[in-house]
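Below you'll find only one chain, the form predicted on its own, shown as structure tokens.
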């Protein structure tokens, strides 16, 4: 069986997908990174391998996500692409007519505008936790609730309360104030879901036209309360894809499928999992920029360096 591997490693989660030559998903995996992207990438590869048929041949591999370069070096990926392209490719392939992608992960959020199957504009929030999954995670802990229950509770709210959305610190203070007033917990949870939507629309969607079909991707798409809050704010139906958790990895695998011309450089599942791999850094003293250089080491041998502005260490 010919197949193609896509890996998406972010700050909160690591995702992997294997597709066949007909571009159908035959194995997928979603795991928490837990602050160790190297170990998480190995775990994803191990899980993917266990669900593959006995005889297969990886004809191409690609990585994406905030740790795409590190993961790419680990597996010797054929293609390394940013997550905007990966998400757009996956959405356009699986959902004809998509014009807007809402993607909210653990530490960042993205808006991708698509017209005629081409991404024409995007916005990305990477500097503030407000409007991301970690914001909801943190508030769930403070409320003593499992994050998995947030969506169900939000849908039971009778009068969602208004909670500040511009800043995580202010939102938390506002939420604490509302709890001290004795407001129903369901109304507070719904207010938090609406706050994350307001933040997203105010920060990312300002000046951009969001047209249907709208896809909601990323980990926060599992929260039905946020989905309903988006539909209420936009007055449009939002669709959550079947593989909403791993759309970035699907896009990476599709890029490998579309762009591979020769044999793959992928070092294999066993070698990728069994290797001794580490990433370390040092500061270049050769000029006032003092660039922080990342050095990748496989089995005791330096295999890559990157991070310099001038390209000296590439």
Partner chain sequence: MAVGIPQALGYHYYNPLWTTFFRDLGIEVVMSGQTDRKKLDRGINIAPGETCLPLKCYLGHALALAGKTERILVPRLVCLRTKPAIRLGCPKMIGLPDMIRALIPDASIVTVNIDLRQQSEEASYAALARELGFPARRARQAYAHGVDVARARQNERIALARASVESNGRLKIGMLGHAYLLYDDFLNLGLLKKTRATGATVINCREIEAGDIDDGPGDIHPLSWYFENHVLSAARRFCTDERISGIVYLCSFGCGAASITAEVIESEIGRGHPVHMLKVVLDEHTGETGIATRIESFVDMLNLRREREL
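Positions refer to the first chain, counted from 1. In this text, the rigid core denotes the largest set of C-alpha atoms whose superposition between the two forms falls within 1.5 Å. Just so it is clear, the structure is predicted and the values come from calculations on it, not from any experiment.
Form predicted in complex with its partner chain: not shown, discussed below.
Heavy atoms within 4.5 Å of its partner chain in the predicted bound form map, among the stretches 170-178, 74-82, 237-245, 151-159, onto 74-82 alone.
Within 4.5 Å of any heavy atom of its partner chain in the predicted bound form lies no heavy atom of residue 186. At a distance threshold of 4.5 angstroms between non-hydrogen atoms, residue 275 is out of contact with its partner chain in the predicted bound form. Remark: residue 257 does not count among the residues lining its partner chain in the predicted bound form, judged by a heavy atom distance of 4.5 Å or less. At a distance threshold of 4.5 angstroms between non-hydrogen atoms, residue 125 is in contact with its partner chain in the predicted bound form. The putative spot formed by 55, 299 and 302 is not touched by its partner chain in the predicted bound form; no residue has a non-hydrogen atom within 4.5 angstroms of it.
66 is the sole member of 66, 27, 264, 279 with a non-hydrogen atom within 4.5 Å of its partner chain in the predicted bound form.
Contacts to its partner chain in the predicted bound form (heavy atom within 4.5 Å) from stretch 204-230: 206 only. Residue 293 shows a C-alpha shift of 2 Å or greater between the shown form and the other one [criterion: core-superposed Cα displacement of 2 Å].
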